[in-house]
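In structure tokens, the next block holds one chain alone, the form predicted on its own.
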């Protein structure tokens, strides 16, 4: 079997994020059944990776390709040009004068996208040097994160559950309705900045792909997604990358390019981890309660009633992943990776998995096992991995390169969580 797989993986050259291949990746039926977790340090053809050089040159690129082909879809390429069409406003008196808030509208060309991306940036006014920044995606609009009268109200689709939403669109009534989830005052007081964008401006969270950016990247004559074209999570991760592009070229605020942090909750957490795995400019990832399809194992019993399975997530959210992924619904043991390999793609950069006791659907026990399984890659690269052999007590942060945190409560993002996030960032990246 390994010889057949090796023969079918004559990888030639990289084009815009995809590998030019003499033949395709193996069909699902040709993949071996592996109920155990795949070794992140063993190539698909069975070759053992024993050096950091081999990980960087061979295994890491292979895993990136495998995750995109079989699970998330290939992220769209970086546009040829990004333009800051307009800085909508800047206010240096935000949070009682502690912070400067601004919002910029970005346009993309090559291909030319009709979508415009509004990026809100908040940075502390009191600082001693370049500012580390959390990058996040929101579902209800930037105006829901910070109650500021000048923040743009998005015209794109938003969730019915968003405060002030009317007919799937945001309104002025939504201003500040999610401020309690993001705790900008705490972030600023701890010396960090915060940048965010609205998911609907990249791709609405619906099974309809024609309203997102995806069709702009189709081949001539293509009218629907191919098996490994990007699902919504991959497209959102592309949005994270474009915000990083913006942070590194904007001139108004001093951004610490070595301390950019991707963060997200639930499906946003899946996106934040994928964004970090695919882009080494992101220095730290915090996928909070990301669960199935993100930080929890894919290999769980098919009839599980306690934790989410890939069959359930693909059934309820068919647009999140690429069309190849549902082929594994009943045979997850054929996946040539599991989510510990996605965590390992971030190595040697820090990753924190955070959870809540009542959120068993996200499989917090399985997430800890994913950290343990990713640990050997970090050790191979000469850095510390997971600094614990057993799950910690409630509310006790495992503040090692691979971190873990679990608290009482449910599926939510709280001020207590942000305290743990900031403590982890302080230690792993340096207290700003």
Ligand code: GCU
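From a predicted model like this one, the values you see are computed outputs, not experimental measurements. Numbering follows the first chain given and starts at 1.
Not on display, but discussed next: the form predicted together with this ligand.
Trainee: Would 267, 308 and 313 all count as contacting this ligand in the predicted bound form, using a 4.5 Å heavy atom cut-off?
Mentor: Every listed residue reaches this ligand in the predicted bound form, so yes.
Trainee: Considering non-hydrogen atoms and a 4.5 Å limit, which listed residue (320, 209, 337, 94) is close to this ligand in the predicted bound form?
Mentor: By the 4.5 Å heavy-atom cutoff, the listed residue in contact is 320.
Trainee: Consider the chain as shown here, without its partner, and state which of 286, 345, 290, 123 has a heavy atom within 4.5 Å of this ligand in the predicted bound form.
Mentor: Going through each option in turn, the one that passes is 290.
Trainee: Residue 361: heavy atom within 4.5 Å of this ligand in the predicted bound form?
Mentor: Flag for residue 361 set to yes.
Trainee: If we take heavy atoms and a 4.5 Å cut-off, which stretch out of 267-275, 253-261, 129-137, 168-176 is in contact with this ligand in the predicted bound form?
Mentor: So the stretch in question is 267-275.
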